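Just so you know, structure 1 and structure 2 below are the same protein chain in two forms, each on its own as structure tokens.
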Structure 1
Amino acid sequence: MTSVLLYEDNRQLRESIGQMLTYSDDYVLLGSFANALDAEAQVRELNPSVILMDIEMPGGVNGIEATRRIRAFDQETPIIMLTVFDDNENVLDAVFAGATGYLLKKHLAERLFDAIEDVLTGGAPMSPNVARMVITSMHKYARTQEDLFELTTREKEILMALAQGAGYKQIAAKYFISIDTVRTHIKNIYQKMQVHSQLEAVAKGREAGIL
């Protein structure tokens, strides 16, 4: 059973998403909140499988700041940002704060469950617009040395697989290793590259000449 924590300030949309999750046999809604003021404590207490986070929220803590605070103690739980526009700079900020992916609100009805399953298997739902924004923004971090991050051969192979859109299960099957081993390698990659998401790691890898 996949457990979900939801943050969305629009009551009607929040209730709609809650109903979608409640009516599904594969998901359980742990909590649904109109703001992210207590997000840190809620994530620690409820330990969700995935977090749905609205970008624009009132109360002094928006989705980007909440994501940044959660990532300070939790690098693993996927966080899908909910947004109205896919070319908004806020989406880019969310990616660098540690968001796993994003989902346009207008596509929630038909793509919510696919997006959740995507992040749970190592994917990163992201539009071409946002991907281009991330790549462009990473130019200022350009490096020429291929071994800048001191990645091992296997870590480079896995980073290349991530860049090609492979999920954890696919990588495990390709290199005949366990999914837990894949997770360990990816955690090491993130630490060495000082990133918080798959998309950011791929962007840095390309700029450094690894990919």
Structure 2
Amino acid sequence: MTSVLLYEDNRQLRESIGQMLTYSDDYVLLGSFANALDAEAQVRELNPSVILMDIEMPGGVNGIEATRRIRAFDQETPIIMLTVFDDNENVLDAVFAGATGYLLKKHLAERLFDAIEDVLTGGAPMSPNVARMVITSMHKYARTQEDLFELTTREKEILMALAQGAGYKQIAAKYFISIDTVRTHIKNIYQKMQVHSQLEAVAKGREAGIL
């Protein structure tokens, strides 16, 4: 028995979904709401198997914000976003906010149950378009950006230690070398990267994808 919690501001759609779920013996609708103002409390209390969340909702708290709030205390319960838009940037925001998958409203009728089963069995229903957007946005994070600075292994190690907040002393201790050596390495790093402080080096390194 799969319990569902529904957030959808459009009354007609809300009732339609409610009926779809009720007509099926495998699902039970724990509750449906026109806004997500109390989503946090409702989720805590009703503890649904899956949450259906409209992205476009009035009243301050839209579906994305609601998702974020729910994810703040619950990383498990799958959240399926409902939206009319396919290529909307909001969809990506929703993914970042913690959405598990999403469903276009025009496909609601034929895919609702599939989507629910999908998230419950470890899947992530997405349209091809959005899958592509997600993939593309991941590439940005991973862009390894060839060693634009030609740092040596040691230098990269030290730069990474810096990025983690270590000072000269700690680095020296960590690698069993003298402070002066750390100094020298960092001097060389600065030269190669054309920067003049730890912060700049870390920032630039991060930009370039090293780290």
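C-alpha atoms forming the largest set that superposes within 1.5 Å between two forms make up the rigid core. Along the sequence of structure 1, residues get numbers from 1 upward. A quick note: this is a predicted structure, and the numbers were derived from the prediction, not measured.
Form assignment for the chain places structure 2 as the one matching the criterion, namely the form predicted in complex with the DNA. Here Q191 counts as shifted, since its C-alpha moves by at least 2 Å between structure 1 and structure 2 after the core is aligned. When the rigid core is held fixed, the Cα atom of D9 travels less than 2 angstroms between structure 1 and structure 2. Once the cores line up, the CA of V182 ends up 2 angstroms or more apart between structure 1 and structure 2.
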